[in-house]
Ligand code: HSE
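Listed next as structure tokens is one chain, alone, in the form predicted alone.
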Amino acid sequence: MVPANQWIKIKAPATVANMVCGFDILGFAVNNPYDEMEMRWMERNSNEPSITIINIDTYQLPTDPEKNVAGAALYALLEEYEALKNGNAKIKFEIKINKLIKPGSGVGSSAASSAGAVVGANYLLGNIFSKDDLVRFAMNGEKIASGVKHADNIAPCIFGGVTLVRSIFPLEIVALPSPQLHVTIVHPQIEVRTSDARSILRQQVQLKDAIKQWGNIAGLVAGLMKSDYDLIGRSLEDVIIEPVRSILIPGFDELKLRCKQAGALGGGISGSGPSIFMLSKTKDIAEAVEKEMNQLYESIGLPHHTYVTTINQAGVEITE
């Protein structure tokens, strides 16, 4: 257990959820961008708050722990920790958050805060909880952000690499092997709220679409495990979610076409958007894809940011 009042530093990576066809079940972490956090624990009196949040960025997110994703995740962890100690361990956490992942960007901003908070707290307490436990706690933060507990961003943020959420209740996370993949992300400077993007989805799908989607999910998982780039590319197809959500993102269809013509294996909406990701076999192709992204959004006058990165295999990292 880290001594009281000793600050630790936390690096929480951005994540790409869904991986096109794997709505709410597939995701991977990336090396850039990432959030920076600092955290410490202290003993508290019964009348003191158990969580203090300090924002050191410009996004003006809530500092009330009950309204902040990191706070909600920490409350879940604290409740279980104090139960393990039979109510005899009264502690409080102080956390500073510097969000370098823009909220509403579609690359797991809320997941980074939630996951970073619980991984940091667990480290301070001597790593008494498993990674599955930490995912379970962090999903409370995702519920604050989107109204739904989901783990497709949380799981890769904590486990690193590519993860499959086989089940939420009971929670079962499967870490998947993957070949070397380069990731190009473009973030158009518009906001798509996760809750809004969920609200427009169809509640029923045709059986033929479901069958095609299941085939693509299975093909994508098999392609990752076999390092079969062609199979990965063929499986990066979504016939259920993307056709609906893509209308919220300017230039989406043309962008996807141009990126694949530049050599990308494929890609699509990152999470609920507006960010779009593309997977490539080499860095050169990933940079050519970035060029296409820049040219398209410059041509329509839409401000944007791009990243060329790789899959982060470590997940949340701690430095003292």
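So that there is no doubt, residue numbering starts at 1 and follows the sequence shown. Here the structure is a predicted model, which means the values were calculated and not measured.
Form predicted in complex with this ligand: not shown, discussed below.
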Option from 224-232, 114-122, 144-152, 130-138 whose residues, in the predicted bound form, bring a heavy atom within 4.5 Å of this ligand = 144-152
Within 4.5 Å of this ligand in the predicted bound form, heavy atoms considered, which of 212, 90, 102, 198?
-> 198
Contact label in the predicted bound form: residue 245 to this ligand, heavy atom within 4.5 Å = yes
This ligand contact in the predicted bound form: residue 23, any heavy atom under 4.5 Å | yes
Answer with yes or no whether residue 271 is in contact with this ligand in the predicted bound form, where contact means some heavy atom within 4.5 Å.
-> yes
Is residue 18 one of the residues lying within 4.5 Å of this ligand in the predicted bound form, judged by heavy atom distances?
-> yes
